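In the block that follows, a single chain appears as structure tokens, in the form predicted on its own.
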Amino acid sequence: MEQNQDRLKDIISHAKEYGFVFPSSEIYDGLAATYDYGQLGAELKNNIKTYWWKAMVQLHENIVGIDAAIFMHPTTWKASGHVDAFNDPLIDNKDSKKRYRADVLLEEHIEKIRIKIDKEVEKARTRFGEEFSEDQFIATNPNVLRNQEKIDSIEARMKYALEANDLEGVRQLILDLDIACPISGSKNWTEVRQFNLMFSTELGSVAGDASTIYLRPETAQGIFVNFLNVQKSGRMKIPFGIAQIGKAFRNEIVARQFIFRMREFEQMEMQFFVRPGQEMEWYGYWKELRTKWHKNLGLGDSNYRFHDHLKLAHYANAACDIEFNFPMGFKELEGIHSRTDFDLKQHEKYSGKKLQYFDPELNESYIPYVIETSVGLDRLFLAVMSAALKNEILEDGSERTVLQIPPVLAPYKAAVLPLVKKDGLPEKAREIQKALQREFNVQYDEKDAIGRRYRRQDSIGTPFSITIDHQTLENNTVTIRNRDTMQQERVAVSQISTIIAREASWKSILEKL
């Protein structure tokens, strides 16, 4: 656990030093759980958005995008259930004075038991080699069975208590499992209380005349209230989807772990409208497709796993998370939910407006069912940084820090480096830079020795470094260096764009989906 904390500290430090993420309002000692994306962070974030948007909207003729307002009519949140049910079960440790989400404490306890199972499996794999059958071992080994029984028992009690809103039952489970505060080591817990996460503010210039409205806690409702607008104006036929990228706000009491959990964050969501009765088929389809989208980034297949929800949200009949192995362990990266017809039904009820779709094939009207895919942009940013940051020992014994960001997401696709600042090399380098800029985001750098410049580009994740030397002036060739292999090859200036595009163009990643 300590090693993981160190890993997270390394990522935070690197992100700040190289202009990816800064603490917000830092000159005023910061504001808890808020961060600003720096010059390279903004580029990486925009590239992640573009990858999602192109894969979701551009590659699907039956999915379109919108951009709904952050402020919505307050009745929206009554209809959606957020006013009455958008709560977290919180518990305080009396000694450390720290507050925790009770369900997260229990999930972290379960994860520790799961790690014990994984260790048993790895030990056996090493012992038995090629003859090892993981499935058979898990089904028969007494230690594994005993630990799995513990997990099943905890999950069953936790599910029952959360669904029944039995807060005393949740607290009793924490006490029975002897769960201690990670900071104080104390087991001196308060009662569990529910806390609503919505930020409220006032609409209007005079406080007395103002009505209370909310900063949206999710982007989904902006899609639901525009369902008919989009369907009619776009002549959309079911099944079809509406996608959106936007800010959401939650008054998280337990906001920590860098950009993993913040009060202001960004979501990339798509609501897919289907015929009632076909939702489970589409739920399976989107589970598979979204997993493929994530793994296509090359962050390591073993870093992903599925987690089926124990406690379903009030609107869902099926839900799972795609989890990523962050420095803090496996945590939710994307949620896929079968939301039934709950949202449209509620908005129809509260607004008094019909929100039905006439299906010409069935010759009937109905309220569609919805499959939701929702990924946290900031969490995906952290996942990319976590998988990409590496410290390597080279053959000559020296070290380098390299950020192996997928080339298509890298802030700069190439660095243009004149070997020296004279003899016409800077002028030639600027000419090459100008030609590449029309297609890619590239950086020009002429300061310091070439080796030091290579290291700097490695640290910010630039996949290619192009060196302009005296031979360039003679035969119009350059040296192009690959960030990951550090191999260099001599190529014609006319080939540079093709070489970069092979790995860093949108086409290069989208054609694998």
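Predicted model, so just to flag it, every value in this text is computed and none were measured. In this text, residue numbers run from 1 along the sequence as written.
This next part talks about the form predicted in complex with a small molecule, which is not shown.
Put simply, residue 335 is close to the small molecule in the predicted complex: some heavy atom of it is within 4.5 Å.
Contact annotation for residue 72: none of its heavy atoms lies within 4.5 Å of the small molecule in the predicted complex. Proximity of residue 120 to the small molecule in the predicted complex: non-hydrogen atoms within 4.5 Å are absent; the residue sits far from the partner. Using a 4.5 angstroms limit between non-hydrogen atoms, residue 243 is distant from the small molecule in the predicted complex. The listed set 218, 341, 107, 92 contains one residue whose heavy atoms approach the small molecule in the predicted complex to within 4.5 Å, identified as 218.
This chain appears without its partner; in the predicted complex, the one residue of 418, 368, 407, 376 with a heavy atom within 4.5 Å of the small molecule is 376. Taking the partner from elsewhere, every residue among 262, 265 and 372 has a non-hydrogen atom within 4.5 angstroms of the small molecule in the predicted complex. With the partner omitted here, the stretch from 430-438, 134-142, 326-334, 176-184 that lies within 4.5 Å of the small molecule by heavy atoms in the predicted complex is 326-334.
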